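Read the single chain below, which is given as structure tokens and is the form predicted on its own.
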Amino acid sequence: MSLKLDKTVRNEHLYMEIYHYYRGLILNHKLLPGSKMPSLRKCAQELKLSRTTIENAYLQLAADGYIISKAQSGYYVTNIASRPDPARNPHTENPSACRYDFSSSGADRESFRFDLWRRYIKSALRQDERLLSYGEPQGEPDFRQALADYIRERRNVLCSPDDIVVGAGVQSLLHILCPLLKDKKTVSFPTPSFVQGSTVFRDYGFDVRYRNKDCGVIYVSPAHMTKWGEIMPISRRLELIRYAAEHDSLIIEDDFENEFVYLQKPTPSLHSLAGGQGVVYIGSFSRLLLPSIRISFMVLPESLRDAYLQKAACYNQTASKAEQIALCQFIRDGHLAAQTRKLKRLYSVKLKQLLTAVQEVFGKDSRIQIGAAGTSLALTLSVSLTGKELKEKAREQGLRIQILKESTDEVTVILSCSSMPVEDFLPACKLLNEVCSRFPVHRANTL
């Protein structure tokens, strides 16, 4: 093999070098369709690497369609290199390559230990007998117990495992919750940006409103009141709880991004302040772990829990049983708490570095909004473009941005630091500034 490896890098990056090497051979027709790949043992011996590293590279090649596994035989090259390339089709739009992405809410690669999570997944997959059956509709019992212990310790949410319902994402949980709220006709969301939640409620016939507490259901995300991370103060939380109790309204507390509170002490959850009465608490692991790990949960108050249990058997579990088993032990071994501390350090530093880059390019007096939580800031720009036009001009230069709002001669954009490398902050800001400078605001001379 002519592959030269840089063995100074960590093992989890070595497998990607092997992946790219074989991918290149396949795409350049040096490994033809139907060719058998070297065995894991032989490849490991030649490269003097562990079999696990080689296996990870092969699994990645298989996941991307370059090779296929045949039982008791090995891996074989597919015909992927012979298939038509959609990018070469003249009728297919070929958008500019993205160089910098300020709109992504994905995870920073350094935020997650893939090697550690891989061990827990492999351990879960070894529980053969348990994986032969469908998952529990409400969620795996041991996982719900671990969740109850975790949120009691971290958020002072007191509940039993029977109060918890697990699902693959918040939307799937809302599909279970909405039929239990037939007596409620209206729902309020903080802003129209809560598209996924409001869509589910509309589908069930609810009248969707915004920032209107005179509704049967009040959906709030106290640690994510704005896209730039403003937090609902405790006085407002207590006022909302009192008002909801007086008007027999149900509060849905989406605790999104509460783990990313940097600039103040975490505020008690609405669920804990209300003693669990009249509040549905929703939590998710997509931000703490990976967006692709679709495990969320909700804590139901007693009245809704009893209504749910009457029809629980009619629902199928949507979250992966293997991932629930893995996450259960991951939590019990203290890794989720450690992951939370790691992310708070990582993203608080990244957000400060993004702020520094924005101020360096746009000036210390630029109009920036930054909250006490989250991974984004809001920047207001003076530009003679609409938000849609600015977004398109930036995209043409390989820069993705998210528009928050716009007015005459001004557009406010949201800049996220979550998945972008720190070294890209400054060049990305300079590119955004270059785009804006081509379309300055021409103000009338008032002299």
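Model, not experiment: these values are computed from the prediction. All residue numbers refer to positions in the sequence shown, first residue = 1. Heads up, when I say rigid core I mean the largest set of C-alphas that superpose within 1.5 Å between the two forms.
Quick note: we don't show the form predicted in complex with another copy of the chain, though the next part is all about it.
Work out which of the listed stretches, 202-210, 372-380, 348-356, 242-250, brings a heavy atom within 4.5 angstroms of another copy of the chain in the predicted bound form.
Among the listed stretches, the partner-contacting one is 202-210.
Out of 184, 122, 344, 367, which one falls within 4.5 Å of another copy of the chain in the predicted bound form, going by heavy atoms?
Flagged contact: 122.
Which one, 226, 221, 172, 269, lies within 4.5 Å of another copy of the chain in the predicted bound form by heavy atoms?
Of the listed residues, the single hit is 172.
Answer for residue 397 alone: is it within 4.5 Å of another copy of the chain in the predicted bound form, judged on heavy atom distances?
Contact check for residue 397: no, nothing within 4.5 Å of another copy of the chain in the predicted bound form.
Do residue 302 and another copy of the chain come within 4.5 Å of each other in the predicted bound form, heavy atoms counted?
Output for residue 302 is no: heavy atoms all beyond 4.5 Å of another copy of the chain.
Heavy atom of residue 307 within 4.5 Å of another copy of the chain in the predicted bound form
Residue 307 lies outside the contact set for another copy of the chain.
When the contact criterion is heavy atoms within 4.5 Å, does residue 258 count as touching another copy of the chain in the predicted bound form?
No, residue 258 stays farther than 4.5 Å from another copy of the chain in the predicted bound form.
Quick one: which residues from 128-147 get a non-hydrogen atom within 4.5 Å of another copy of the chain in the predicted bound form?
Counting only heavy atoms within 4.5 Å of another copy of the chain in the predicted bound form, the contacting residues of 128-147 are 128, 129, 131, 132, 133, 134, 136, 141, 145.
C-alpha of residue 33: shift of 2 angstroms or more between this form and the one not shown, rigid core aligned?
Yes; that C-alpha moves by at least 2 Å between this form and the one not shown.
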